[in-house]
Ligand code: M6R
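In structure tokens, one chain follows: the form predicted on its own.
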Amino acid sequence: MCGIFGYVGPRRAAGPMILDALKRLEYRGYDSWGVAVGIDGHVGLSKRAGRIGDAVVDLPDACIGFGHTRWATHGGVSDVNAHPHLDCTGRFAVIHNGIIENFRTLRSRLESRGHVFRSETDTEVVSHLIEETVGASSEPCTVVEAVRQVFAMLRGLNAVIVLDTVTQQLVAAKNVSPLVVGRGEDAAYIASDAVALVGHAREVHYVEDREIVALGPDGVQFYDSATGAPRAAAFVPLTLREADMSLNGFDHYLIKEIHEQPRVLRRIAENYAEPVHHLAELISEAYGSFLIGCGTSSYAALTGSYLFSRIARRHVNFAVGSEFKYQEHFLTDRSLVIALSQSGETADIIDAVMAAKRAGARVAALVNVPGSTLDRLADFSIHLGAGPEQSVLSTKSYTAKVAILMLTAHVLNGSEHVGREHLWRAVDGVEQALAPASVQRIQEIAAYMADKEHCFVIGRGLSYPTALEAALKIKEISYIHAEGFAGGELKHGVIALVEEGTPCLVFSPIDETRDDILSGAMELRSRGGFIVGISPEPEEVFDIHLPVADVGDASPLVGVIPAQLLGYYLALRRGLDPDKPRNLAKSVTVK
């Protein structure tokens, strides 16, 4: 959730380089930022509350340093609570992602021994523990050994990096929370996301939970976190490129990524036969399969459960990732858990997957980031191949997941050729939904909705998860209260909320739900609702018709596009940043 970037090398202007890397991680979500460099045994520090924007740092030249963008969990949003945090002597600085669950106990003990705390954060306990561990030993204690001992004291899912200004080292340890080490021509780097390493590192290593890593003047060394013994680590080429990170002429990453969806779907249609067959085989062999995801991924997973029922006549269970561990009791060594995640670092998904593995279940992953924690935990992974998602809102990874699940359902049914045909039709349908005429109509709807307080979205059957995803896209980016419902639930309380002029989006594909959903639309309109129909054909009940292609089982892929665009243009109308909605983060690495 927070962003991390660290550097050790010959360049003396470490501070500005670190700040630039943090700006690349801006999409992860944060409320404060800070940069620290190590000079002559002390820390040079600059940190502020607020967005990083056009910030500059005025720090001494240094060859080592790190930075952090914070999403607050402990302590308010303030300059003093921003990372990095120092020990009492000023030798050590610490940055941290995650939550230290036992920090109150640790802090109380440290304060009783005379340590003075400057912040309200859980993170600051680490700096004082490192200070105490290095200084209290009767025999010389290296900072690597101190980090090993201190990290073992911490409870929770955490990633910690310590800057030692004396030895000129960055020393890091992690438990689930992601870290990746990069090597360049003559420098070493560490980050929370490989995106930050583009343009710096040639090769990367995703840090394992059992590793301590030290970056210093002598390069990168790895140690076993249990014994402290040196260990080897494999590096792989960094495949991301600068071109992957650019706006390519678009005003925002969100609209760029929305427009990349035809290319993503085309690649899946052309290249994913083998992994889809493998996933179908795992489902066939399992006694109980479960789709899990959080947020947008949960709606892709729910869509998958409908697709497996509708196409393959197979029951595949669905659960929200954060709730799955409360339903793990029925897992066995014959179960299959299919985990969906863009980042592969979502803490609740990782928690669920680890529970599944403890039960002996097999784990398959649909994940966009190769080398991520989920990718490494899974027994089998399908990489979405959607490319980096830098907007906080997930778009192209959502459609990639749904496309893969649809093809898998058709493989199970023995109708792979039909699924592929529907996917190719969806490619054309998405391109039509992105055409200027369609976009202009959506802009007109955005103009109507921009000053509204509420919006309701309905769908039935395969369109119900699409309604949920549409509502999520609208509310998380425009801050309009939007709710998605199954059309049949209107009479069970929802319709009481509809007033004259309330915008109501209705998903009405040409399938077995059409008569029922149109009846629901009429109920909304008779209470004053303003009906926006997202459908291949116009209907009298629609106040505005947003035409979408009729693509059969692939209808969720084309239906969601108008909702994504509507969210984007609502944000612009309301003067909001489409790429960085308030309070949200791209990768939710805390529970």
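Keep in mind it's a predicted model, so treat the numbers as computed, not measured. So that there is no doubt, residue numbering starts at 1 and follows the sequence shown.
There is also a form predicted in complex with the ligand; it is not shown, and the following applies to it.
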Self-check item: Which of 465-473, 311-319, 424-432, 244-252 lines the interface with the ligand in the predicted complex (heavy atom within 4.5 Å)
Solution: 465-473
Practice problem: Tell me whether T296, Q342 and L393, taken together, all sit within 4.5 Å of the ligand in the predicted complex, counting heavy atoms only. | Solution: yes
Quiz item: What is the one choice in T408, T346, N97, T399 with a heavy atom within 4.5 Å of the ligand in the predicted complex?
Solution: T346
